[in-house]
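The chain that follows stands alone, in the form predicted on its own, written as structure tokens.
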């Protein structure tokens, strides 16, 4: 009886797999057709101000969230934001059709470029070191950082830099968690995006006793889709249109990131 049940379960799973594959690979000749048919653009994000974060009513806002909403409207579909629990598995989430794109101040690392179809970069960023204000004067050069313990977001550009330098690090789920590690003293420093540092640390912010010191690298932000997706080129056209009519810069100025935008 157990053997029969096992065979039936295997047959059911195989049928479900073939059905899903047929829906994703055979019924639709493009990613755009797939998204338009289901009527929803699933956007993978994390809580990352000023790009993606929630307002007082629990709605996702930010430069990326607002632009993703406008892009979905351009496609004639609704937007749905999916908070990624593990940033390090973002490519897997795409390939498994859990999301249709990753739009979250994402650095175009070699891993991302290899595993995703990416639109043109839309924003410039830096990876910066954050420490407590009362010790900041000790850590103003790259050489001075070598003995620190770092908190880094798993799968992030900051993690890549810390590991490449051979520095001691602890991986955490989100960049905000890395800031918390430094605030609590669990880690001596963290490496996060400059845009997030500008929004989250210093006087009048959530972390007034933290400051950014050394800038480690400059990088490009981009939006990623499934490998081979036609939505990447569609987004390029959308960004160019928004840049030309001024609406892109309007959104950028709303969230204070206008100086990081690239020309189209």
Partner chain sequence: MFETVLKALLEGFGKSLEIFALTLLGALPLGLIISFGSMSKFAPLKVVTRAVVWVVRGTPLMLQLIIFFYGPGLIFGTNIWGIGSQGRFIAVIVAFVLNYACYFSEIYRGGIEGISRGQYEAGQVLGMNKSQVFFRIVLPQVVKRIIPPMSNEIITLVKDTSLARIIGVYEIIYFGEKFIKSDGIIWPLFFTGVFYLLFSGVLTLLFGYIEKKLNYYHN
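C-alpha atoms forming the largest set that superposes within 1.5 Å between two forms make up the rigid core. Bear in mind that the values here come from a model prediction, so they are computed numbers and not experimental data. Residue numbers count along the first chain shown, from 1.
There is also a form predicted in complex with its partner chain; it is not shown, and the following applies to it.
| query | Taking 149, 159 and 163 as the candidate spot, are all three within 4.5 angstroms of its partner chain in the predicted bound form by heavy atoms? | reply | Per the other structure, all of 149, 159 and 163 touch its partner chain.
### Message
Whether residue 180 contacts its partner chain in the predicted bound form should be assessed with a 4.5 Å heavy atom distance threshold; does it?
### Response
Close contact exists here: in the predicted bound form, residue 180 approaches its partner chain to within 4.5 Å, heavy atoms only.
Subject >> Residue contact check: residue 89 to its partner chain in the predicted bound form, 4.5 Å heavy atom >> reply: Result yes; residue 89 sits at the interface with its partner chain in the predicted bound form.
Does residue 144 make contact with its partner chain in the predicted bound form, using a 4.5 Å heavy atom cut-off?
-> So residue 144 does not count as contacting its partner chain.
message: Just checking whether residue 127 would be counted as a contact of its partner chain in the predicted bound form - the rule being heavy atoms within 4.5 angstroms.
response: Looking in the predicted bound form, residue contacts with its partner chain do not include residue 127, since no heavy atom lies within 4.5 Å.
*Mind telling me which stretch in 119-127, 73-81, 100-108, 186-194 gets its heavy atoms within 4.5 Å of its partner chain in the predicted bound form?*
Partner-contacting stretch among the options: 186-194.
Members of 138-170 lying within 4.5 angstroms of its partner chain, judged by heavy atom, in the predicted bound form
Residues within 4.5 Å: 149, 154, 155, 159, 163, 169, 170.
* Answer yes if the CA of residue 213 moves 2 Å or more between this form and the one not shown after aligning the rigid core, and no otherwise. => Residue 213: C-alpha displaced by less than 2 Å between this form and the one not shown.
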